[in-house]
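Only one chain is included here, represented as structure tokens and corresponding to the form predicted alone.
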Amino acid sequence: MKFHIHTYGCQMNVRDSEAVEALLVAAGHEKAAHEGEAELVIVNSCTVRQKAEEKAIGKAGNLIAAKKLTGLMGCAVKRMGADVFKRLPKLDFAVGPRAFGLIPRIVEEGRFPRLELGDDLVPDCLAAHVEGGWQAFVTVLLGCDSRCSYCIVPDVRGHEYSRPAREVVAEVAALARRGVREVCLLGQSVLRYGVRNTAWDERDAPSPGGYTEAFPRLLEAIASIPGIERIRFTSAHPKGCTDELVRAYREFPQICRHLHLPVQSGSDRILAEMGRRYTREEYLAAVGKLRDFDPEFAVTTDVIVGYPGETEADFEATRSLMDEAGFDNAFVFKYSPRPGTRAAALADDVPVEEKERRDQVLLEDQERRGQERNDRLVGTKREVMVEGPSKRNKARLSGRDGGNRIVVWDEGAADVRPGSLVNVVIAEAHPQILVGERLPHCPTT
């Protein structure tokens, strides 16, 4: 059977979709060149915001109307449960985010409709990957126990579970043997790896370097794998920005000097309401620790505007924190209440128009801030991993430096292939992109 997977949401969903693709191919099915020729289409859903959930449900409805064999997977399924079949009466099957490993069996058995939520099931297929490619996502931490007031993730992705380090290291080593050069380690709050999980054993990650914290020990083990040139990870929490993490950045050049560190608000009052477990001062101290180590260290963030009760003073506190932190990039979201969260019981009292205004103000601030940060890189040499032709100009190549900044340059050399490392001198800066020239006679690796 030919299949296609349509993915909404975060990197965790992208990774889950890839695993399902690998499982279906292993079961004898064929990936369709495009959705139109597929007999089976699976929609991987997101429910972090109402708009994202509605997009996924709408897409599934369109596929059903087109007489496709249609499956829905992911976070929206777990949130809705059996009600998903009330929204989509002719849906063939639905699986939660921890039950995606069952999809090949569901398709083979053909007993529809079918619902598998998975609850806190730990999939036994987390190491399934599609053949080919030079970069890969690797899930190291499932679920979340933080219970931020606005967030539905703990309800839909379950309790935290840290995969044994021996499994993660074996998976990365296998990927390296297949030509993968860059891995991105995934977890809802990845720096909590090994903090709360009885399945994780300290013996899983011996540390010749003397690391005592679980995640730096895992980084040390992965950095020792031949062929892995770059290690990234997301998403982080300020309390995980420890001295041992900074030491790992310093000792292992494979670890990219970029951290996505969601702040959500710059107001201590709102942070406390959100249950974020840090203050403005503590957040800025975490950023300062990274920048003291390397002034060019790239820090990106997520921010919510219009949280219930957010005043103009709270909003201005967020603006000032963002300037003080000097973010390299920021993703701004307008608050959207999610059923079952603590915040959903509060009055959504910031008008839509005001949420939109605050959103635009922060985005304009970030354009200025991004330009200032990138201007400082003009004239510097960046080691860039090639990704392929630029999306906007196919005559140029594009890639990312260690700070996850997009770099583009003119390139006519036939020896440059995706996954190659090249040196580029930055000649021109924009808020979200750097333009440069590849150093002559610089061999690719």
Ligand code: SAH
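Being a predicted model, the structure only gives us computed values, none of them experimental. In case it trips you up, residue 1 is the first one in the sequence shown, and so on.
Quick note: we don't show the form predicted together with this ligand, though the next part is all about it.
Flag Y249 as yes or no: does it have a non-hydrogen atom within 4.5 angstroms of any non-hydrogen atom of this ligand in the predicted bound form?
No, Y249 sits far enough from this ligand in the predicted bound form that none of its heavy atoms falls within 4.5 Å.
Although the partner isn't part of this model, could you tell me whether K68 comes within 4.5 Å of this ligand in the predicted bound form, counting any heavy atom of the residue?
It does not: once this ligand is placed as it appears in the predicted bound form, K68 has no heavy atom within 4.5 Å of it.
Whether N329 contacts this ligand in the predicted bound form should be assessed with a 4.5 Å heavy atom distance threshold; does it?
Result no; N329 lies far from this ligand in the predicted bound form.
So, L245 and this ligand: in the predicted bound form, are they within 4.5 Å at any heavy atom pair?
Outside the cut-off, so no.
Name the residue from V48, V416, I57, A38 that puts a heavy atom within 4.5 Å of this ligand in the predicted bound form.
In short, V48.
By the heavy atom within 4.5 Å rule, which residue out of N374, N197, T300, Q188 makes contact with this ligand in the predicted bound form?
Of the candidates N374, N197, T300, Q188, Q188 is the one lying within 4.5 Å of this ligand in the predicted bound form.
Please determine, with the chain shown alone, which of 357-365, 301-309, 317-325, 86-94 has non-hydrogen atoms within 4.5 Å of this ligand in the predicted bound form.
Correct option: 301-309.
Would you mind checking 333-352 for residues with a heavy atom within 4.5 Å of this ligand in the predicted bound form?
Heavy-atom contacts within 4.5 Å come from F333, K334, Y335, S336, R338.
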